[in-house]
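Quick setup: one chain, the form predicted on its own, written in structure tokens, and binding and motion questions come after.
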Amino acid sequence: MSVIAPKFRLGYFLKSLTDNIFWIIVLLTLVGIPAIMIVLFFIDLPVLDGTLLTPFLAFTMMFHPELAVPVVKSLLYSDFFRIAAFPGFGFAALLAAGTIFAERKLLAKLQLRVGPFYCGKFEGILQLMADGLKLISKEIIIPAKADKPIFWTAPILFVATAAAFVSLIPVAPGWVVADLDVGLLAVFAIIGFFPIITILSAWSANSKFPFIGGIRALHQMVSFEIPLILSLLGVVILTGTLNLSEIVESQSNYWFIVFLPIGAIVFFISVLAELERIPFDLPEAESEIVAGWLTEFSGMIYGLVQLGSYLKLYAFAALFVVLFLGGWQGPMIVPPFPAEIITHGIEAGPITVQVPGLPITTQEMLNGTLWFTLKTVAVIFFILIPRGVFPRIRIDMLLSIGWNKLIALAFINIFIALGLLYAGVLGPGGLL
């Protein structure tokens, strides 16, 4: 049976094109422009020629590239931009999306498969977008006997907790959403919410497979959170601070992984268990309990949990970089900005835009972001590798590793840190 391909009709094509242009203009007018004005009212605008820039004048300047530098700089240094774009949720979500695609291609190569291939002309590059559209368009099915308020709320809380974790990670000098003096303590507090949210998700589904997975997740997370916390005490002992930015700055001459490799290994293994990654994926064991505590999730509820899981993966990898790999520290490879711009500003038509101190971004910020991103991607790569190499372990072996071996190694790491401190090798006033 032959199939006749539909004929190309220029009229239909032009109609669809004009329809799309019409709706783009409508959405831009009714949604885009008001949204821009709202943002301009909530950010701190600069002073130009001795006069505070108004939101209306700033809106006009945005459409004149030669005049937009002060507005762009104000936006970049606003709290809204830090939280929504960089170094907050947007930056983490972008890396998380790249991680999902890289993981699927990496596992396919390790297992001699093709992996994502058809969506997009290059190696299925648009597969992630296709999966996202699929999850958005799929129906959300809730079990009849589920506790509906908790069932709906738990995935949102999971993403929110992961985003709170991300907000504590310093990406570059001065670029962190929440620079707390007790930042590491706040990390421990936020991590403690994940087991609670997981068991609530499993219990609210009122189904046996999610509940079994939730109980496994609770046992696993609790047993590995203790060695995870203990493995970081060596870093706190040597730096004398809980501030994550100060911990990075204390590694300007050396990385802590050189002197505390046992702590780094314990932390890395504990992170694999906290993320429920193979070989510690018992809460989501597909061959045993379907998908564990995720079994009853569907549609965008499942998408939110996956987004939160990969945000959590990025946050743990970034925390490893901050604590053991020197964070943003690295050789200066970004060229400096022209001295003329720094000294005299930018001549833009009838006015000269004075940029206090430095232009929109600094050399240190760009260089730090580059090194931080490269280190974080490398750590994420090593977190992904075990999924294609190791088999799943038994629950009794998992608990034995957490409660016996890792806690003992964490205490050894603490004794090493104390020895380095009291020997005068590291720490305040040390030789290094």
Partner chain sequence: MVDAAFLALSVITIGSAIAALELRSMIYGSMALMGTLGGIAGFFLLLDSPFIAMFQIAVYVGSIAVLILFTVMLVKRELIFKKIEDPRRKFAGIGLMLILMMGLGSIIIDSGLRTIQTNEPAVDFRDIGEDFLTYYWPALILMALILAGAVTGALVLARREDVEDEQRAN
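Everything quoted here is computed from the prediction, not taken from an experiment. Residue numbers count along the first chain shown, from 1.
Just so you know, the form predicted in complex with its partner chain exists too; it's not on screen, but the next bit is about it.
Using a 4.5 Å cut-off to its partner chain in the predicted bound form, each of A186, I199 and L218 places a heavy atom inside that distance. Its partner chain in the predicted bound form is approached by T241, whose closest heavy atom lies within 4.5 angstroms of it.
Remark: D79 does not count among the residues lining its partner chain in the predicted bound form, judged by a heavy atom distance of 4.5 Å or less.
Using a 4.5 Å cutoff between non-hydrogen atoms, F193 counts as a contact of its partner chain in the predicted bound form.
Shown alone here, E286 lies farther than 4.5 Å from its partner chain in the predicted bound form, counting heavy atoms only. With its partner chain left out of view, the stretch that reaches within 4.5 Å of it through heavy atoms in the predicted bound form is, among 81-89, 319-327, 233-241, 254-262, 233-241. Interface residue among A97, I150, L107, V72, judged by heavy atoms within 4.5 Å of its partner chain in the predicted bound form: I150. For the candidate set Y302, F211, F101, F268, a heavy atom within 4.5 Å of its partner chain in the predicted bound form is found for exactly one residue, namely F211.
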